[in-house]
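Below you'll find only one chain, the form predicted on its own, shown as structure tokens.
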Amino acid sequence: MRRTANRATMNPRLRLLQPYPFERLRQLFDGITPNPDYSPISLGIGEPRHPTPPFLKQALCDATLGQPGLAGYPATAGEALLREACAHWLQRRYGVQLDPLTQVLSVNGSREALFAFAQTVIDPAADAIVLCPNPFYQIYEGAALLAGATPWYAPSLPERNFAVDWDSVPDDVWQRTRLLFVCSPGNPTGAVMPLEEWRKLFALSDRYGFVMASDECYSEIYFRDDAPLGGLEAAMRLGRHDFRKLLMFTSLSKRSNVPGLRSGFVAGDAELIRSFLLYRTYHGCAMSPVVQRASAAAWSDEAHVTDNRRQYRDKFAQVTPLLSDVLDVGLPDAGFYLWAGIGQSCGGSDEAFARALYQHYHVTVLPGSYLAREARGHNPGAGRIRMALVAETEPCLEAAHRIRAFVQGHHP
């Protein structure tokens, strides 16, 4: 049958994509007029709102005015200056040594890179599975679907500090797995993977041949004495000095409070970096030289990161006790989210909780079920909410007091 001339032919896989959590939240709030007695406070989106360090703004200005500034096309591989700064940071932070020219690659933020990496490694003709935690960062699912793979969701267990239950994955799923997304510190749980969990995943990768993408964008915001273990660091401790079948992904967005800069890097297995660079050459996503030079300055400075972490520690120390009295929540290992169980509030419905809280107290939180998928009869995000404590301390404390009043039944 001949196609009509005015009918566009679209990629049918686009129909597999689910609405993004914030679009679902917008629909949930449709028709609600929040209480005008309260100013709006959003704990919904994980967008850092601490001030951008002044030296980083100055570095952007200097790079714009300098040579070559904006006068030339950037190379996809990135400038040696930035890749070396990233490699030096890895050495300082994790004690790992990588070749900046073959094992480090600049990217336009971890979100873009995580999506593109799936397109690089998935063969859509191979009946491939992409395995990820549940709940999860929705880019993992979209990347899998648009690469022609099938997502499979491994649940996080509250009784084990939200560790992912990798043992629940059947052998036939592991056999078809071509890419495993791990997220440590986790979004939204804040859980950090210990060395033994990495050992288990490396052994599974060796047995079944899948590649691991380690999403570590929250690694510099933590509340314990020890910094979170990274994937490359774990590999080195276990004698995997070639970092085979492993790439780590990180960015400056949370670390340096510059989500608008869209700057990060990937590092690890040189063979994977080579293939990823080939894909990106055709993808056309080289980083601006201005952004590269400012990014090199950011990766080379730790003082602003230490101060940023102190601000989060002080904020969480004040907010968490207020909420732990009325919700099932505690201080996470890392990250800037509180992942809270609502108990029987609003009948245990996270959607009803978020909607009523917005209506009565003008506070926005994200229903936990929006960050997970129902798998094998259970949605591990149901009955929970995610609160992003990204604003300054005062509005976060005000939001906590309003949530307390709401849970205690004081509905103005």
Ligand SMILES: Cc1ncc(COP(=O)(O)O)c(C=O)c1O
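Start at 1 and count along the sequence shown; that's the residue number. Model, not experiment: these values are computed from the prediction.
The same protein also exists as the form predicted in complex with this ligand; that form is not shown, yet it is the one meant from here on.
Of the residues S256, S156, S106, N187, just one reaches this ligand in the predicted bound form with a heavy atom at 4.5 Å or closer; this is N187. The partner is absent here; in the predicted bound form, the one residue of Y312, F181, Y337, F243 having a heavy atom within 4.5 Å of this ligand is Y337.
Contact with this ligand in the predicted bound form, defined as a heavy atom within 4.5 Å, is made by none of F29, H362 and R402.
Heavy atoms within 4.5 Å of this ligand in the predicted bound form are found in exactly one of 197 to 205, 214 to 222, 96 to 104, 285 to 293, that being 214 to 222. By the criterion of a heavy atom within 4.5 Å, C86 is excluded from the residues contacting this ligand in the predicted bound form. Contact check for W299: every heavy atom lies farther than 4.5 Å from this ligand in the predicted bound form. Contact annotation: L114 falls within 4.5 Å of this ligand in the predicted bound form, judged by heavy atom distances. Taking the partner from elsewhere, Y137 is found to have a heavy atom lying within 4.5 Å of this ligand in the predicted bound form.
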